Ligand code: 13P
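Take a look at this one chain, the form predicted on its own, written out in structure tokens.
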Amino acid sequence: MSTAAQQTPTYELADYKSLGNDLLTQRIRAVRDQLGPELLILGHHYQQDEVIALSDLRGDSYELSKMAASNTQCRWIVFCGVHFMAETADILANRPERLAERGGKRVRVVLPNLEAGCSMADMAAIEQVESAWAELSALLDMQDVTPVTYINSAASLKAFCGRHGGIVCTSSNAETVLRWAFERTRRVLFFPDQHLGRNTALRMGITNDQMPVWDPFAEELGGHDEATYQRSRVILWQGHCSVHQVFRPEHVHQFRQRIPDIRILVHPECPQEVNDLADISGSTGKIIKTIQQAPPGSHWAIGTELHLVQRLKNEFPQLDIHFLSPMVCMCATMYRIDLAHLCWSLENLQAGNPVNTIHVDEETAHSALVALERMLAIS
């Protein structure tokens, strides 16, 4: 498990909420100037533009953690993302070899708002996964099942995979990870996002009737009978991303009717019926790269988080870019980190009284690192 230090702040958050963005930006920059390279502010692609503008690095969850872990100068990481991202940064930045290089001194990771969680990650609690594993062990040879957790999960689930011969995946390497798993075992237990698991496995020739979805709230066996699991190849978890779940096939059809030559670009966390209709499906990094390389004047409807789509629209005015859904859909938990929370956490850090520091306990971090390093070894 991970803990968040709840020190009594030198400065109170309430005092920051009435301040305008210009003043908050000025004060944040003052802290950055004073702390210099010892401070690293990370901004996830889904963050608000004013937060991204003050970030030293921006990227997806794993990319940011990896970049931060390779930084040899920083002593503080302020992660403008969500809780599981801060956990991963803590695990990678403070892995044994890095600690040895720093003489045992930890890099401290701060999450400006502890309410910035992830609804998908919350859909698979460690107790639920352990219970599912135990129930399945009555039916299957669990030596022939590899647990795979999406990086959008708690450190405890990454640790579970580390202890059971499993591995972590990202949206960009999920197929590589599944192939690695199938070289070792017949089956995979994939959590917490069913859509990424299904869309990836379908590309590999695995059929839907070989991919039952485990419902952690079902009374028995995740809602299926023994025969279903006996013929399974991938056991999916009943979890999803609230952002990508809103995209529907009718949204794709409507854009194709309005703009016949439009290209549909979606994230693989979208449901299968949307993913199958898209021209391109890929990770956040692939979505950005596709738009960067798109010919001027081309038309695009993108199915991913609203802030990122709007940013791409602003950065590439030579393209005709649309948000795929007619409904506004943003990552509400990511939105909980704003300039007020960022400034509050930075000024407390500057005053020597850091708040909201994320620390994964040693045992969990050790097992989670095993699963992460397995992924690194094959990526």
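None of the values given here were measured: they were computed from a predicted structure. In case it trips you up, residue 1 is the first one in the sequence shown, and so on.
Keep in mind that the form predicted together with the named molecule is not shown, yet the notes after this line are about it.
Interface residue remark: Asn348 is not counted as part of the site for the named molecule in the predicted bound form, having no heavy atom within 4.5 Å. The named molecule is not shown here, and in the predicted bound form it never comes within 4.5 Å of any heavy atom of Phe247.
Looking at Asn152, you'd find a heavy atom of it within 4.5 angstroms of the named molecule in the predicted bound form.
For the chain shown alone, Trp214 is not a contact residue for the named molecule in the predicted bound form, no non-hydrogen atom being within 4.5 angstroms.
Residue-level contacts in the predicted bound form: of Thr284, Ser156, Ser281, Thr146, one residue has a heavy atom within 4.5 Å of the named molecule, and it is Thr284. A heavy atom within 4.5 Å of the named molecule in the predicted bound form is found for exactly one of Ser171, Ser232, Asn113, Asn199: Ser171. Of the candidate stretches 350 to 358, 311 to 319, 26 to 34, 60 to 68, only 60 to 68 has residues whose heavy atoms lie within 4.5 Å of the named molecule in the predicted bound form. The partner is not shown here, but in the predicted bound form the stretch 13 to 52 reaches within 4.5 angstroms of the named molecule through a heavy atom at His44, Tyr46.
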